[in-house]
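The chain below stands alone and is given in structure tokens; this is the form predicted on its own.
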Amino acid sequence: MHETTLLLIEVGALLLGMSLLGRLALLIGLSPIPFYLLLGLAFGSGGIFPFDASIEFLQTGSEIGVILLLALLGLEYTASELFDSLKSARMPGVVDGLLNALPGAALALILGWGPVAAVALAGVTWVSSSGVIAKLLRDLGRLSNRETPAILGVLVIEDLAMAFYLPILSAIVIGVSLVQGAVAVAVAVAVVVVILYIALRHGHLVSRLFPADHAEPLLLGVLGLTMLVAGLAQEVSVSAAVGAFLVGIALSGRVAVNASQVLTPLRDLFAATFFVFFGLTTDSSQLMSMILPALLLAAVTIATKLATGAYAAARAGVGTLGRWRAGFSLAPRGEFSIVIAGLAVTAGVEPALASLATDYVLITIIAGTFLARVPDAAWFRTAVRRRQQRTRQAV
């Protein structure tokens, strides 16, 4: 069979399967993310019928999906709101790094993998998945919730911190000189500063580039600028997600509103592709090799993310339920964790790190998807109210 024909068949079958699973998720009131992951695992390496012809196509689509998720999330907020959330999230960002990086580093040392693997696994457990969380917030209708700016503040600080972390990790695992590592970090930081400055100070000028009332040129222009900035950011070891998010922040007024409308269908398509692709590229036959350490690590770091989110929301003046929502929403790890593990394993660091990171990411995504809904459950709300009443009576 011709490769192009096989590509069309595979992509068509996946899209149809995703549609059916998405409908099932709606019927039972769950996020479709775990279903997309399981679909990818079923047809990935080690699955029942591996899809090979469409891997490169789906990889590109998945990268576009993360970019669009963060770009449209940025369109929901103004530059001043971003600036305020970053200021308020400084301390939660520090707490986040300490609480969530240390368990990963400690486990690597306990397993005897050495200090380089410890630095890599610390990054795997530290950074939440902006793509997964952005979709969760949208699926659960929480973009306008009071705790959402606190969640975004933590995510943006994490993604910005990657501008420092990834060049440093690359220097450690590859063994480049201190000067080369310092230059890479300096370039990455300079790019972040430039993008931030343009987004915060001259966003109104960026908006004027696009015709707000004409869908086609608006779609092409905003999509082109978003991908261009995301690509340039990634080229210098800055998160493409950060670049896309800041492009969304820079746009304002009718341009932002209309751009969100025309880009939403594309986001929905490619964002779903991201989760399926993650499953497709995971060798399901290797998942059991590190499942117990991954379960332990996930349990510890879901708890530490809960503490991080609750602390960030509390500093923003959010109530008890909002703190729980913020903490559980930060549980999923994703794209960065896989990139970090892949970078380390490719450079010859402990091979088992890849299996551990894959198990860990899958567990936190699936668990986080379910846990994010818990604070909205009637039984949970009742339990929180009863606890608050007992606390008042005790005082």
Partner chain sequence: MHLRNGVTITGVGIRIEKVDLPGIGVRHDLVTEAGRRISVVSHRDGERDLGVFDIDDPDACRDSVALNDDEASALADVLSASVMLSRLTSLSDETAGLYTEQIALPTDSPFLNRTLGDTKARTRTHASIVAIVRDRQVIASPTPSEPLRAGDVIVAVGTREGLDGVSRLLANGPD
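Whichever C-alpha set is largest while still superposing within 1.5 Å between the two forms counts as the rigid core. Treat the numbers as computed from the prediction; the structure is a model and nothing was measured. Numbering follows the first chain given and starts at 1.
One more form of this protein should be noted, the form predicted together with the partner chain, which is absent from this view; the next part is about it.
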Task: Region of this chain that lies against the partner chain in the predicted bound form, out of 90-98, 69-77, 278-286, 207-215 [heavy atom, 4.5 Å] - done: 69-77
Task: Answer option from 161, 143, 232, 111, heavy atom within 4.5 Å of the partner chain in the predicted bound form - done: 143
Task: Partner-contacting position among 167, 203, 103, 149 - heavy atom within 4.5 Å of the partner chain in the predicted bound form - done: 149
Task: All of 10, 267 and 333 with a heavy atom within 4.5 Å of the partner chain in the predicted bound form - done: no
Task: Residue contact check: residue 373 to the partner chain in the predicted bound form, 4.5 Å heavy atom - done: no
TODO: Would you please decide whether residue 187 lies within 4.5 angstroms of the partner chain in the predicted bound form, comparing each non-hydrogen atom pair?
DONE: no
Open item on the list: How about residue 318 - does it come within 4.5 Å of the partner chain in the predicted bound form, if we only consider non-hydrogen atoms?
Closed with: yes
Open item on the list: So, residue 244 and the partner chain: in the predicted bound form, are they within 4.5 Å at any heavy atom pair?
Closed with: no
Task: CA of residue 200, rigid core aligned, shift of 2 Å or more between this form and the one not shown - done: yes
Open item on the list: After core superposition, I'd like to know whether residue 72 moves between this form and the one not shown (criterion: C-alpha shift of 2 angstroms or more).
Closed with: yes
- [ ] Given a change of 3 Å or more, say if the Cα atoms of residue 253 and residue 317 sit closer or farther in the predicted bound form than in this form.
- [x] farther
- [ ] Over in the other structure, so in the predicted bound form, do residue 139 and residue 249 pull closer or drift farther apart at the C-alpha level? The difference is 3 angstroms or more.
- [x] farther
